[in-house]
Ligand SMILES: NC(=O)c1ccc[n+]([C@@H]2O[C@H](COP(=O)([O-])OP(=O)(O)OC[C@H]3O[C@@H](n4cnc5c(N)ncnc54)[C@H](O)[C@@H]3O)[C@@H](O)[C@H]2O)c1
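Taking the form predicted on its own, here's one chain by itself in structure tokens.
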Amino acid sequence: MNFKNVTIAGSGVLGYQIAFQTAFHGFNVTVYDINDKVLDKAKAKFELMSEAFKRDLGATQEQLDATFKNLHYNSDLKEAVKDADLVIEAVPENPQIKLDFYQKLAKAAPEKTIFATNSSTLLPSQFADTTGRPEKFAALHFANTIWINNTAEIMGHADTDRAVFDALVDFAKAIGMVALPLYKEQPGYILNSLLVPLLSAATNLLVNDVADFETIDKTWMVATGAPMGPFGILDVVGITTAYNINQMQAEKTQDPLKIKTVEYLKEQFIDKNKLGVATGEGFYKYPNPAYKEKNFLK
């Protein structure tokens, strides 16, 4: 399987990063989103990404010019996927939104197209039948700031064709990722199986008034040597993602603490558009968060 044309569906926190990284490595990339206004925002984010690639990777202007030539935009799904060898879905982390999207995608995409979900917490088997091509469907999950934290977790489901799985592993390597194959479905893959409990424990301490967020971060950073604490991580991941995950868990379990966490995130962050690094403020203010100050750990 030879992927040349890749469509990224969704230009949010991870979608635009996946698109830019893929285009940077020479693939022909179409960015799809629900309307042209959202796509215009993605174009602005690509300008910022190019600066990050210069700063962090030493990317040349020639490489970045080639990257921008490889990027195309479309808000018409059928047009966006008409030549796609691979579609990577990065729509919001909400089961119903994803199911609705796959119903439309199944009708719009050519038979040859392989589908991959970038879902961070949901299983590919939840959507496999809706794709209309379960054997050509798997999960391909990236960590945030993918040009630095270059992990790509590949996870099939019971009906994923092994050749498709192997092709996704090869694709991940081709776009500069460290490919991390999983041989069994696991909610949260490897990374989030480790990370989500940490972030959940941190928010539990906060909403239960045990300690403030800076003290919790300081504790983690001093004790483990980590460069940031759980609330710094939440700002990078995006507070909308944390809110969606907690909301799903609250609906499922009716856990009073989860419900309290959802209310807290909505009132203090979502309603105030303090969504993390992407909006310039979350728990910390950016581009110079307090946890990077030299006296923060004292």
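We call the rigid core the largest set of C-alpha positions that still match within 1.5 Å between the two forms. Since we're looking at a predicted model, the values are computed, not measured. Just count from 1 along the sequence shown to find any residue number.
The same protein has a further form, the form predicted together with the ligand, not shown here; the description that follows concerns it.
So the ligand isn't shown here. In the model of the complex, which residue out of P92, P197, G132, P187 has a non-hydrogen atom within 4.5 Å of it? It is P92.
Let me know the one among I34, L257, I270, A52 whose heavy atoms come within 4.5 Å of the ligand in the model of the complex, would you? Checking each option against the ligand in the model of the complex, the one that comes within 4.5 Å is I34.
Within 4.5 Å, heavy atoms only: does F142 come near the ligand in the model of the complex? F142: contacts the ligand in the model of the complex.
Using heavy atoms and a 4.5 Å limit, would one call L275 a contact residue for the ligand in the model of the complex? Close contact is absent here: in the model of the complex, L275 is far from the ligand, nothing within 4.5 Å, heavy atoms only.
Tell me, yes or no, whether A163 is in contact with the ligand in the model of the complex, where a contact means a heavy atom of each within 4.5 Å. No, A163 is distant from the partner.
Can you check whether L14 is within 4.5 Å of the ligand in the model of the complex, heavy atom basis? L14: contacts the ligand in the model of the complex.
At 4.5 Å between heavy atoms, only one of the stretches 169-177, 155-163, 113-121, 216-224 reaches the ligand in the model of the complex; which one is it? Partner-contacting stretch among the options: 113-121.
Does each of V236, Y284 and P289 have at least one heavy atom within 4.5 Å of the ligand in the model of the complex? Checked in the model of the complex: no contact with the ligand for any of the three.
For V237, is the CA shift between this form and the one not shown at least 2 Å following rigid-core superposition? Yes; that C-alpha moves by at least 2 Å between this form and the one not shown.
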